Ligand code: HEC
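Only one chain comes next, encoded as structure tokens, the form predicted alone.
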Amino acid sequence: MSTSTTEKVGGRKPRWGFIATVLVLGAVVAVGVLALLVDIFTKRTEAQQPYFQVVQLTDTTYDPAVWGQNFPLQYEGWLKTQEMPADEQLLRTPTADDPRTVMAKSKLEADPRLVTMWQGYAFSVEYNEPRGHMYMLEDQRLVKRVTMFKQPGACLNCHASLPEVVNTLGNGDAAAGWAAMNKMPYSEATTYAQHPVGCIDCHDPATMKLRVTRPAFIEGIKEYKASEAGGSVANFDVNTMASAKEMRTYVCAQCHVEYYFAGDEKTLTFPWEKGLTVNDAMAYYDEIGWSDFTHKLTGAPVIKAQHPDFETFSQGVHASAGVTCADCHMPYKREGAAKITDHQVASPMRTNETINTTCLTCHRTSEEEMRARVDTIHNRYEETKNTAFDALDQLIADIVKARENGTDQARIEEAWAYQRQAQFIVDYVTSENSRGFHAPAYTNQILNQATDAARRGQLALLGQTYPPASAPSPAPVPEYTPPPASPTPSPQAPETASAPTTP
């Protein structure tokens, strides 16, 4: 009797369905492993080669859009510096003289004490909230401090892509071009600027390493390093001697600093010869006899502070812990396998995501807790600042009255000295952009100095000093002498309230 292929073979039917399933699963696994290997290889390649050179970059590649062809992710972040929160925008109708449809809100309207403090200086005419890097050149060209007053070309140092300007003015000699720009009228110098701060200002086009392009910082940090530790660091060259970590702060400190224009050449200069604190700066200015303007209301020779973010940050706990500007304002982030720097230079508090990529890399807490901590710092700063600012405002009013009433000139001049001190400190912290966060304890400390100076100025107008000259000297405090040891322990006093015992 014949058998068919569907009958038993060796007592069992062949299990073709199972075999087919195994083969299919094997193929799926093989495809998955292959895909995984391809993905690993791709990501390894991305990590080893984070960008592809599309164009050749040189020291004359000034346009950030050209750099963006090689670094599209970084360029995309840089473009986002033009984003503004809705509550910070001031909508306006464009005019022939000012084509802007959006501006930042006025600080002068928010706090009229600023107008009083800056009477006789261009800042009393227009002073607005800061905007992103994309706007820095446009906003400077259109601000009334420039359109209504004559300003030197040195102002471009922080508001334009500097290599383009100085290389053009110096015919390739950046130092000569920088010197020419400083003393040139702003209205003329700005015609050489085509871009706000961009890639070439902070990166070497050949190696992409961070670099400093501002001569004022190169000289300023050299003086500061020489003043540290008794001058143990001589002839510090920031571009060859600074560490990679230091450069992540120094490239920002090229602009976010206090400065003045020295001499007829209007040479942009950082007052760091004595150190980086506000008192160091005042001592420097007093020594060289520097004043930015004469106060229109009081007649006092006073100093205008700029934006000392770097100097203030240097006094804080984050700087002491080795945190850099870029760690908080330009944190690392992942794009595929590549680790890049976020070039949307902005506050880390803007979103929960940015808090997570900055603050929470060190602080083991939540985004909400970090916001609460920062709010507390800001609120304490505002209260301390307002106390100091009110004291300064009252001193200015009292000096005006004293001059009207014919108060002795010696008293007036003593009050001027206190106004100069109090005003520089209040201006210093107001112009610094962190609202106390960069160095909370230091900021509140110097604001207390400002309050004290303002009150001393008021007393000086009355012919008094603090403490009053007629006050008796305090009695000397005797040295502490421990009592003799008791031969037996003293009995303990009975408890007045029950307390839980601890094991």
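The structure presented is a predicted model; accordingly, all values stated were derived computationally and were not measured. Each residue number is its position in the shown sequence, starting from 1.
A second form of this protein, the form predicted in complex with the ligand, is not displayed here; the remarks below concern that form.
- Residues 128, 154 and 324 are all found to lie within 4.5 Å of the ligand in the predicted complex, as judged by heavy atom distances.
- Among residues of the shown chain, residue 225 is not one whose heavy atoms approach the ligand to within 4.5 Å in the predicted complex.
- The shortest heavy atom separation between residue 180 and the ligand in the predicted complex exceeds 4.5 Å.
- Heavy atoms of residue 111 never reach within 4.5 Å of the ligand in the predicted complex, leaving it off the interface.
- Heavy atoms of residue 267 never reach within 4.5 Å of the ligand in the predicted complex, leaving it off the interface.
- Of the stretches 311-319, 387-395, 277-285, 291-299, only 311-319 has residues with a heavy atom within 4.5 Å of the ligand in the predicted complex.
- Only one of 199, 238, 166, 117 comes within 4.5 Å of the ligand in the predicted complex through a heavy atom, and that residue is 199.
- Of the candidates 429, 399, 189, 330, 330 is the one whose heavy atoms come within 4.5 Å of the ligand in the predicted complex; the others do not.
- Contacts between stretch 428-462 and the ligand, counted in the predicted complex as any heavy atom lying within 4.5 Å, involve 431, 433, 434, 435, 437, 438, 440, listed in sequence order.
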